[in-house]
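Below sits a lone chain in structure tokens, taken as the form predicted alone.
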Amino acid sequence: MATNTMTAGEVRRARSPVRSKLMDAASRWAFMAPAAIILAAMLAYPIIYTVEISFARFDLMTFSAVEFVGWENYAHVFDDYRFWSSMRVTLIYLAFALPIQIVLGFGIAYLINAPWRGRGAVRALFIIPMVVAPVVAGGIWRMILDPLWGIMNWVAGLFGVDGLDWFGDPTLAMASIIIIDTWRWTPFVILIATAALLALPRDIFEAAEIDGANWWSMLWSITLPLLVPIIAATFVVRWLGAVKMFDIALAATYGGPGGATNVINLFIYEEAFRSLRFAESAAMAVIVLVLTMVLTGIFLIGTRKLEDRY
């Protein structure tokens, strides 16, 4: 009766693919390990410390948690109407700022990607808002939107519009925050969109031109479907930046008037470093972190589905 036997050399050759894969994975992790350890150490301690404070009574003398109180701090946060008001303000800001920035960014990128003289200089100009410090940007826009001396009201006056109180009216104050943030971060979207447009396959557009398609047909039927995964990924990246918005609101409106622009990060800052309610502020930070992680996970799942579809 024949038997299935393998020599030692055949066994080594059979195991070599598995061994090579393990060695390849080990080498990759070996290169990543130093950076991963440093990143984990820098992130882990603040997060663990914040979570610890959120479940304890905080002592300002020792600046540490002294007594475990369970969910008491979270109960205070959920009962605080100002917390929910700041969350509502943040959601309003995100609901308007993100779509405007995505639409403007990809629209401007499409226009400056067309062949016309001077587009290189225009691309360079769009980068300027990104390198301006947020506090400086807030101060500049405070001068531009000043109700008495601002250039925005002067331009509006040329069209017969009376002077607008940009920082005194709640609706206009939120609009000003959205305008400043859009001015600062739309160039970031433009850079991503420009790179995506340059990476699109040109043969598809050449074939469409030969078939007699105009620019609108190519935009709607070719460019946009190809860019859908990039648009979704850009939205997720911009979402992660926008949800942390703090500095512009602090520099431009300081949360006013009447809390109309008091986004959640500014509210947490005020509660922690001005009201010295560190335990409740830590609980707020943990709540915001969990909500951000959940929503980011949902957006990533949606982005993956869009990539599979298109």
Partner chain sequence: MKQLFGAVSSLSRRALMVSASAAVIATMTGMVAQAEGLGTPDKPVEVRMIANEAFANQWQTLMVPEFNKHYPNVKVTIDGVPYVELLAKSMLDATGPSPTYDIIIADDPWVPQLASVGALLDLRSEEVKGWTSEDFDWDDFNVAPLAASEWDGVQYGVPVRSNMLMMFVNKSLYEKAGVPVPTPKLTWNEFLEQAPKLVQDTNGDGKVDAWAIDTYFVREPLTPTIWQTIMNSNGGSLLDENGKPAFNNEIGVAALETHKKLLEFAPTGAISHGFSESLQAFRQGMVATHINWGSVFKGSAIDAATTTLTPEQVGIQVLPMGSKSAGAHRGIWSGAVSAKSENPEAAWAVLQWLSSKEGEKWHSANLGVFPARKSTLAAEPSEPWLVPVFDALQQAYDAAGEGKMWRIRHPRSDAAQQVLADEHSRFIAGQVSAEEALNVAAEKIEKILK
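Numbering follows the first chain given and starts at 1. Keep in mind the model is a prediction, meaning the values are calculated, not measured.
Another form exists, predicted together with its partner chain; not displayed. Remarks below refer to it.
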Fill in the blank from the handout: Exactly one listed stretch (130 to 138, 193 to 201, 226 to 234, 74 to 82) reaches within 4.5 angstroms of its partner chain in the predicted bound form by non-hydrogen atoms, and it is 74 to 82
Exercise for the section: Find the only residue in 106, 167, 93, 185 having a heavy atom within 4.5 Å of its partner chain in the predicted bound form. Expected result: 167
Fill in the blank from the handout: If we test each of 47, 30, 60, 37 for a heavy atom within 4.5 Å of its partner chain in the predicted bound form, the one that passes is 60
Problem - Residue contact check: residue 270 to its partner chain in the predicted bound form, 4.5 Å heavy atom - result: yes
Problem - its partner chain contact at residue 274 in the predicted bound form, heavy atom, 4.5 Å - result: yes
Exercise for the section: Evaluate residue 142 for contact with its partner chain in the predicted bound form, applying a 4.5 angstroms cut-off between non-hydrogen atoms, and reply yes or no. Expected result: yes
Handout entry: Partner contact for residue 147 in the predicted bound form: its partner chain, 4.5 angstroms, heavy atom
Key = yes
Handout entry: its partner chain in the predicted bound form - contacting residues of 84 to 107, heavy atom within 4.5 Å
Key = none
